[in-house]
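Read on for two forms of one protein chain; each stands alone as structure tokens, with the labels structure 1 and structure 2.
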Structure 1
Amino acid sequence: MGGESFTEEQEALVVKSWNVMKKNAGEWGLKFFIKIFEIAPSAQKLFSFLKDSNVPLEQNPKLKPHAKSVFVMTCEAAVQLRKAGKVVIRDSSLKKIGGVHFKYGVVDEHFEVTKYALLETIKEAAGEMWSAEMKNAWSVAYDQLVAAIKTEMKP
């Protein structure tokens, strides 16, 4: 497994914050995606269901379910990282996710923007619990998830 190892303390922080967010994963997922598009409006072009949409992002019928599934998958992969010793994604394989990201032309900057938006969303959700350690724990988990996706990013 590349990158720094994910400690028990980091796992506990990720689990603690995920427990707070998971009840409202749809709302937090939507906030997460809206933050991505605020930072990188051009990222909207990567989503077929946003290209021809004339409703505000919050009202797009396809964005919320998509945002929720990505958010839940990301958080659950982070939660399981230490137990599994690697990135585990249920319901869809890394190959499929890597292939989709490759096909739509996702680049390193998109992953950076997404990381920033994810950390900002968790910061907002975690409130008083947020700390430098929690931020670091999520950063490590996210970086490992992205590394796993990138290894599968090929046609």
Structure 2
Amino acid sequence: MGGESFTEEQEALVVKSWNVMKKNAGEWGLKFFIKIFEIAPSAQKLFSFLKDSNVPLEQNPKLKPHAKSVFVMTCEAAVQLRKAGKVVIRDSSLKKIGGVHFKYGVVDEHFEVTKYALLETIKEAAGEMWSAEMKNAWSVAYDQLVAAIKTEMKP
């Protein structure tokens, strides 16, 4: 964490904005992933359920749950960063998540684009609540979460 700790204020900014979004988590999740695929169309091919599907992206029932996982796990990462100073994920599930992303060929650029789309989506959802501090809090939580996932991205 570069010596700086995640504050209660930062945690509150993340939790507060997620609480606004979660009522419409499916919609925001869809917007989030549509942004990702606009910037990086090839990322669609990583998802088995998109590659082999003939229903339109917006109607694919499996897309929203992944988007929601990214929101929820980033929000949880913020809580843990404040409480424990680091991201804590149960060993077995971190191994599983790392392994799945490795197996499906997710690379650094995907995590970068996803970060950008995540922040843009939250900005839109947060409206007047949005601030540089809120952006920074989500960024730090996301970066730390991704760093944790990457430690387990191996076969």
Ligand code: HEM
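Counting starts at 1 with the first residue of structure 1 and goes up one by one along its sequence. Between two forms, the rigid core is the largest collection of C-alphas that superpose within 1.5 Å. None of these values were measured; they are calculated from a predicted model.
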{"query": "Number of the structure representing the form predicted alone", "finding": "1"}
{"query": "Per-residue Cα shift, residue 80, between structures 1 and 2 [Å; core superposed]", "finding": "3.9"}
